[in-house]
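Given as structure tokens, the chain that follows is alone and in the form predicted on its own.
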Amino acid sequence: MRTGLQYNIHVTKNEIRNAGIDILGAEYEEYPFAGSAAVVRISHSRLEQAVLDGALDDLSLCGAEVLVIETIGLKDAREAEDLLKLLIRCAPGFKDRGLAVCIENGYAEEAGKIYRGALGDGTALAAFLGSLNEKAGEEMFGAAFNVGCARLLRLQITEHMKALGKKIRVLYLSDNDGRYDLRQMPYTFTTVHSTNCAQWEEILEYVSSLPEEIFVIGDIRGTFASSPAELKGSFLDLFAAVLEEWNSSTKDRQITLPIEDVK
């Protein structure tokens, strides 16, 4: 398991590294300003233009290993079908440049209300990946599971992770209150509307059954955006401690737990 932080403009690269944390992920709009990052994420709405602008060349030249397609705002089956066709057109370019591609679970919003949208849950995303890989003729597309999006939709997270199984290659960690996409530190919210929603132990246990090369990335921009400058170092140290706990606990569990045979 490779662990690190999603770069964000609210803390400096030196502050992140001084806390002993790797910058493992970056948004397409902030790359390569973020520095070298193994996992780069781009919105589905920006993908086609980025391809036309030669972004794939930029990513591969800068050492990116995985391209994550964010699906926040993907509303219905028609939009999902349009994305599938675009990804199939782009598949040869992804392969030529050695980029692994992962599709992320998201959510949709209309009139201030959050709903699942086309790829908001694990079952829908698994079916989408099945169609995508079938049309591609090989298993070249995987999943990026965003815990924060799942929390926002109040899903039973591990059930939706199990629907994707070993297709999960990237795991984004963040916490939300079930109403807004806050992107807070893991363990921030233990209840939502008086309902116990602390599922982190279950998530950690399931991650232990996944392939060791999975990327685990803290997407906690909201924590740093809303905290005073004097506290940012403390929050970085706290997140470093979370990653250390996850790394040590995962290694212990991988020794004692059987690997699930999830298709």
Partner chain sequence: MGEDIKIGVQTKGLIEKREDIAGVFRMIRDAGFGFVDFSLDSYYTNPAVSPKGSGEFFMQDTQELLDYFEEHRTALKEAGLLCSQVHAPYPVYVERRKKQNDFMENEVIPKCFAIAESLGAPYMVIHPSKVRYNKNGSIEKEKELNLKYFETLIPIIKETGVKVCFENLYETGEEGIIEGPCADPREALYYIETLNERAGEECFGFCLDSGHLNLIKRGFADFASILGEHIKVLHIHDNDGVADNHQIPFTFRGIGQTGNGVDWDNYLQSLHAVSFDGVYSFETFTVLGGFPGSLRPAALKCIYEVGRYFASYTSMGTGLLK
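Residue numbers count along the first chain shown, from 1. Keep in mind that this is a model prediction, so the values were computed, not measured.
FYI, the form predicted in complex with its partner chain isn't displayed, but the following is about it.
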Is there any non-hydrogen atom of residue 123 lying within 4.5 Å of its partner chain in the predicted bound form?
no
Mark residue 252 yes when one of its heavy atoms lies within 4.5 Å of a heavy atom of its partner chain in the predicted bound form, and no otherwise.
no
Counting only non-hydrogen atoms and a 4.5 angstroms cut-off, does residue 186 reach its partner chain in the predicted bound form?
yes
Would residue 179 count as touching its partner chain in the predicted bound form under a 4.5 Å heavy atom rule?
yes
Counting any heavy atom within 4.5 Å as contact, can you tell me which stretch out of 55-63, 231-239, 30-38, 207-215 lines its partner chain in the predicted bound form?
231-239
Residues from 215-232 in contact with its partner chain (non-hydrogen atom within 4.5 Å) in the predicted bound form:
221, 222, 225, 226, 227, 228, 230, 231
